[in-house]
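So this first bit is one chain, no partners, the form predicted alone, shown in structure tokens.
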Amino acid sequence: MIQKKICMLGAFAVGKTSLVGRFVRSIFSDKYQTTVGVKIDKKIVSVGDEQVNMMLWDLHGEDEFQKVRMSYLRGASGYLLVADGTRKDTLDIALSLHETIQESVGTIPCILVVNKSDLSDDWEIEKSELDDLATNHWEIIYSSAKSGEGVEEAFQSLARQVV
């Protein structure tokens, strides 16, 4: 069995913990719980003939008071960069985090997950912005931790990239 460290990164309250909960335990809770530091979960997935033990590091959200410690990324095989479609600033934070990560640990597999697709009528992030990123070779997956849309796809796609 292969073990891979996967980090969940993004701004404060974008749904990183909810995405992990939906993926690992198939649950969603409306109760918001702030992640302090890092919370680690795991799930075994199949990639072709391989079994992959995904060690999911759910890192605290980045905001003006708290920056993500790059030391948490040591040994990471890849990461999901999460933005909240209803808050435009979360995409800016995600893109800034991506640059910092590349400078700190180099280029490792990354997928941009735009969460809260169940609230697409309230989105502030323009589709044209995401289309521009896709044109520049970003893999973008639209998700909803609440409905489960895109969650399995995001984690499975990253698992395939890191194997």
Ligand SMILES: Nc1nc2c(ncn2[C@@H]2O[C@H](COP(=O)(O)OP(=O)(O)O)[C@@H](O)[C@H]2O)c(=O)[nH]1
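From a predicted model like this one, the values you see are computed outputs, not experimental measurements. Residues carry their position along the shown sequence, with the first being 1.
The discussion below concerns the form predicted in complex with this ligand, not included here.
In terms of contact with this ligand in the predicted bound form, the residue from V38, L133, V45, L119 that brings a heavy atom within 4.5 Å is L119. The partner is not drawn, yet in the predicted bound form one stretch among 96-104, 111-119, 133-141, 48-56 has residues with heavy atoms inside 4.5 Å of this ligand: 111-119. Mapping the unseen interface onto this chain, A13 counts among the residues with a heavy atom inside 4.5 Å of this ligand in the predicted bound form.
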